[in-house]
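One chain comes next, on its own, written out as structure tokens in the form predicted on its own.
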């Protein structure tokens, strides 16, 4: 059964949302999605809810937020690290694609500002026997990627800085974005080193906020709106938990495998020509470069040139993260759902930073120690080609 996105809503993201309670933040996103779709909460048949409990510092936030999004309807809890947002989206999608429901909402909420220290939480993503004692977290893994890529392909710190410049310029026009700064390459290079070679302005923030996406069956989608975003294909993949099993940090092999599978299912032969815009999960500058290469938008070793040459800017040949991306907004458990929702808005023609003529969009999220990936292709048409 064909399934489409008919509504998307998100909150304003900040370091700490002290103005509202957890359920109130959830309802802010839910209400926005319902208004976008022209629906009421009573119309929703089921809810897929996503959150990373440790980042909130509370247990089972879905029990609290149920008052804001489910009205005693069937509700599934999703928690898969950095991929939580996209996994929640795909769970909602599958509930409609299976024929079980006609209208399902994905809701993700995260209040990282409530967490005393996110680093110990991130540390649990690495192998508990051989690696956890070293204190490794997400930024350390990204620094491994950066140093490996720079050594193998000759990338410079300036190459990485261009990614930051591009994302921050995009975020300036996004009213929901957390970090809004007009940067130049020198500003990025002069920011303090956080984990060499990555600098502060090459690293994502921790954000409070929520997002909601409404999925509808084919017949219902056509009745709700005349420009739904159709889910053409989706996939997930998991790699080894142990970092020592990685063949190389200079390439993202598991993502490349998932990408090939996704494009085969979607009928995409050349992603450069067939995809108009991408919302990639790149909380650190190096990761956008690796993701673009793994997904076939650039040859290995050439991804470092795309931002510098303007290819990934909004008016370039491969617009990437026109929303400002994870580098500027990161409500961890909801981040992937924001990527999915922003991709849907692009093919609906309703994004704040709209890419001219965008008909096919790619959404992506990763989690864990680089080993989890979720991907989806959305289109203004039910089928490509």
Partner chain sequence: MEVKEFEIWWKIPFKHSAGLHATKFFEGLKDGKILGVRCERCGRVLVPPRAFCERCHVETNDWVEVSDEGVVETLTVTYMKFTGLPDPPYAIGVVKLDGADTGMLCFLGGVDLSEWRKVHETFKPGTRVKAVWKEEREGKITDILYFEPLK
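Predicted, not measured: the structure shown is a model, and the values here were computed from it. Residue numbers count along the first chain shown, from 1.
We do not show the form predicted together with its partner chain, though everything after this point is about it.
Novice: By the heavy atom within 4.5 Å rule, which residue out of 135, 184, 267, 310 makes contact with its partner chain in the predicted complex?
Specialist: Partner contact (heavy atom, 4.5 Å) among the options: 135.
Novice: Its partner chain isn't shown here, but in the predicted complex which of 179, 224, 148, 298 has a heavy atom within 4.5 Å of it?
Specialist: That would be 148.
Novice: Please identify, from 267-275, 169-177, 191-199, 285-293, the stretch that has a heavy atom within 4.5 Å of its partner chain in the predicted complex.
Specialist: Only one stretch qualifies here: 191-199.
Novice: Test of understanding: in the predicted complex, would residue 218 fall inside 4.5 Å of its partner chain by heavy atoms?
Specialist: No, no contact at 4.5 Å.
Novice: Within a 4.5 Å heavy atom cut-off, is residue 251 in contact with its partner chain in the predicted complex?
Specialist: Result no; residue 251 lies far from its partner chain in the predicted complex.
Novice: Should residue 352 be classed as touching its partner chain in the predicted complex when contacts are defined as heavy atoms within 4.5 Å?
Specialist: Result no; residue 352 lies far from its partner chain in the predicted complex.
Novice: Can you check whether residue 117 is within 4.5 Å of its partner chain in the predicted complex, heavy atom basis?
Specialist: The answer is yes: residue 117 has a heavy atom within 4.5 Å of its partner chain.
Novice: Along 33-63, which positions have a non-hydrogen atom within 4.5 Å of its partner chain in the predicted complex?
Specialist: Result: 54, 57, 58, 59.
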